[in-house]
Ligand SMILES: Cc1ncc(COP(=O)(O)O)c(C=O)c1O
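Only one chain is shown below, in structure tokens, and it's the form predicted on its own.
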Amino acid sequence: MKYGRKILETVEGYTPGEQPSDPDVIKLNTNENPYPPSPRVIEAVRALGVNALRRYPDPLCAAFRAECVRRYGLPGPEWVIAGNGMDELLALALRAFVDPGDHVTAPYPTYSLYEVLCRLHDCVLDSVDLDASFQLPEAFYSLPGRLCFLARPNAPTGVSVPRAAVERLCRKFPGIVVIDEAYVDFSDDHCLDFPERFPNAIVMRTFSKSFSLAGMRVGIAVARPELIAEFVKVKDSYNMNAFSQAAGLAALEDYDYMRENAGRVRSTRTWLRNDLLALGFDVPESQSNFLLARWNGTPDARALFQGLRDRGILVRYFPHRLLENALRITIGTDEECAALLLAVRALVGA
């Protein structure tokens, strides 16, 4: 007798990046920030007393949301909701705005969790291949659907579509447009103003990347109050614990610290891309904290991935259509990226 839901028979689940136990491994596979979070975050978490463990946390994260309003210039706290990482908010968007059997759209390739969430929700994901420059093709703007996922910058390409393209999408798409800004703090611009301009726009952000809080699971969604109210209906009662709320608040209060580290990542990204291009890799200009390095030489990308792993350097290899010959490389410290390049040169005989 099978006890699992029938829909789960064909769902494989999201495959996260490898998390090694060896502290000496150079970990460039999951787009974590190589620099520590703000010292204020550590102080805030340590300052929480035993009552933070004994009592339920604030169910609506009032202090954290108020700081989001101040930092990002939002009209008010009713325009933002906090989540247990942005991944929870992506799932809640489907729960709030999409019925089973409805159609959802997304470009391809993009964040693979979108497809997993749609299958779990029993809705249909319609995707259209990005063009050769990893931009939205004309056909994408005419797709129907209840909700559209658009990662900007995109993962795993690192490329951002122009703001004008997102404006066009928000005007033409009949449903909700979720603008996933997980990597936006490494980018040249953002779309945080879109919810005030478009009634169907939701902008989501995570604190895992630029704020170095991947272990804390902090995310936000910004939208018009009537959309945020739908999120509140479907979220878990206490979806963000007291420590995550305190860490997120402290991280926002030390915003300049984050911006400094993001700048260091952008600087490393520039020279690493240039060196990979010099080795013969095809590397689109990235607006994120990683590079997509496509390789058509010998050995192939899969062999490069394994060769780097054998040398204690983890990157990401996606055995998917349009990505067969590509590695996604997280921007680490200058020392980590120099070690990566040394290993790559040895593997390709440069």
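One rule holds for the numbers: they count along the sequence shown, beginning at 1. Note that the structure is predicted; figures quoted are calculated from it, not measured.
The protein also exists as the form predicted together with this ligand; that form is not presented, and the subsequent description refers to it.
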| item | value |
| --- | --- |
| This ligand in the predicted bound form: contacted by all of Ala151, Ala155 and Thr206, heavy atom 4.5 Å | yes |
| 4.5 angstroms heavy atom contact with this ligand in the predicted bound form for Glu230 | no |
| Residue contact check: Tyr72 to this ligand in the predicted bound form, 4.5 Å heavy atom | no |
| Proximity of Ala182 to this ligand in the predicted bound form, heavy atoms at 4.5 Å | yes |
| Interface membership of Met258, this ligand in the predicted bound form, 4.5 Å heavy atom rule | no |
| Heavy atom contact within 4.5 Å of this ligand in the predicted bound form, the stretch among 241-249, 212-220, 121-129, 194-202 | 212-220 |
| Interface residue in the predicted bound form among Val98, Leu272, Leu117, Met86, criterion: non-hydrogen atom within 4.5 angstroms of this ligand | Met86 |
